[in-house]
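One chain comes next, on its own, written as structure tokens: the form predicted alone.
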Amino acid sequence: MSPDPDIKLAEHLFTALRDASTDGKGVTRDAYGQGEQTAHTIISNCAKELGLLVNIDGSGNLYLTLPGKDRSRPMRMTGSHLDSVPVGGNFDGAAGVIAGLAVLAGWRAAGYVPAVDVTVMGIRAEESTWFPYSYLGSKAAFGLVDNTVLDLRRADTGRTLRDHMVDLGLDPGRFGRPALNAEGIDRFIELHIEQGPKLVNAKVPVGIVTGIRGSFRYRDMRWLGKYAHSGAVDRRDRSDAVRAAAVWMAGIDAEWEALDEAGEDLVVTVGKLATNPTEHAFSKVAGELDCCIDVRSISEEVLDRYDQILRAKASTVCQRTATKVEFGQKTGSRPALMHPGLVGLLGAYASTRGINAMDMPSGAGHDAAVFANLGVKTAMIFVRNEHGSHNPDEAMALDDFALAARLLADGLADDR
């Protein structure tokens, strides 16, 4: 087992990040904005004080490295993202970066030198609520993006990624230049709060992730009908966009229920529904409705099948309701399986340390999926977290975090 992480430092950093990014209700660390940049600066300054090597790639990702005994061997990596959703919680993403830094700080204090370089990565723009692109920062680090992403517009400002990079003093011309290659990475272990209730319900502090769900999204769906008088047009003569969307949602929900009862892994969310505020009224049949849908599964086959289902249902509904539907651009991410050897290694260390841990899948997407799908040996550690995530009420106990950070340290130190 390796030396313990510096949990007091971690507590200090959590407080510093919260104080610097509070929005009055939660925290907002906007991707390629001042919120995320302030978090990067806080973490970078701490790493410099610890005497770690600090680097920033052309896409703005942050790397904090403790040199190992043999610097010629592939490095071991940990880390996560430092952005948040708007009015989010303080632990989503940041816990993984702070845990890595706490591990290296604890090793420094104990005089421990790892066998190979160990690097903590502060990843940009994981939360695709800002820019409509999954895993933007980690994909850019591997050179998996092209220059067209610089024209993506941030959801809140309407300004391009290129503009936001210039604001931060980053050179858009260097965006997407490869800073990492899979062959140079021995393993990647990401620590993250659990964003659902499984660990809380099981009364278990730590989870060891077996796989990460992939997804597909239609962020800009539109249902198109005809505006009409609510009292003067009978049911058979209506072209009601709201009714069409409601019938469609009921249909795809029934299909989801059937798949769930059959034991298939699937979650479906219609996260936004909106009629046009400049034209809608209580006495009008709605002629348009905007919505989005987010579908996730550990199985690519299930994702493909459900995509066909929801499109077929939409076609049927359009014929039934005399409406039209526009799905818009499809985005998403591939499912990713964690490395069985690393999953077993973390389980063994948990047993040795007496840490109560359970194997579990990840419903949410994480940057670890990018590493895993490139062939890097990858694992994830979840920390119990009350009240879910993507909200100001995230509640991760520091004692649980300390257990997970010790497990992370063991996974990074192990030289097998």
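One rule holds for the numbers: they count along the sequence shown, beginning at 1. Given the structure is predicted, the values throughout are model-derived calculations rather than measurements.
Below, we turn to the form predicted together with another copy of the chain, even though it does not appear here.
Every residue of the trio 213, 236 and 242 has some heavy atom no more than 4.5 Å from another copy of the chain in the predicted complex. Across the options 183 to 191, 169 to 177, 81 to 89, 101 to 109, residues that bring heavy atoms within 4.5 Å of another copy of the chain in the predicted complex belong to 81 to 89. Taking the partner from elsewhere, residue 279 is found to have a heavy atom lying within 4.5 Å of another copy of the chain in the predicted complex. Of the heavy atoms in residue 327, none are within 4.5 Å of another copy of the chain in the predicted complex. Contact annotation for residue 158: none of its heavy atoms lies within 4.5 Å of another copy of the chain in the predicted complex. Contact check for residue 262: no non-hydrogen atom falls within 4.5 Å of another copy of the chain in the predicted complex. In summary, among the residues 267, 200, 337, 312, the only one with a non-hydrogen atom within 4.5 Å of another copy of the chain in the predicted complex is 267. Think of it this way: in the predicted complex, another copy of the chain has a heavy atom of just one of 289, 209, 94, 121 within 4.5 Å, and the residue is 289. In the predicted complex, the residues of 248 to 265 lying within 4.5 Å of another copy of the chain by at least one heavy atom are, in order, 249, 250, 253, 256, 257, 260.
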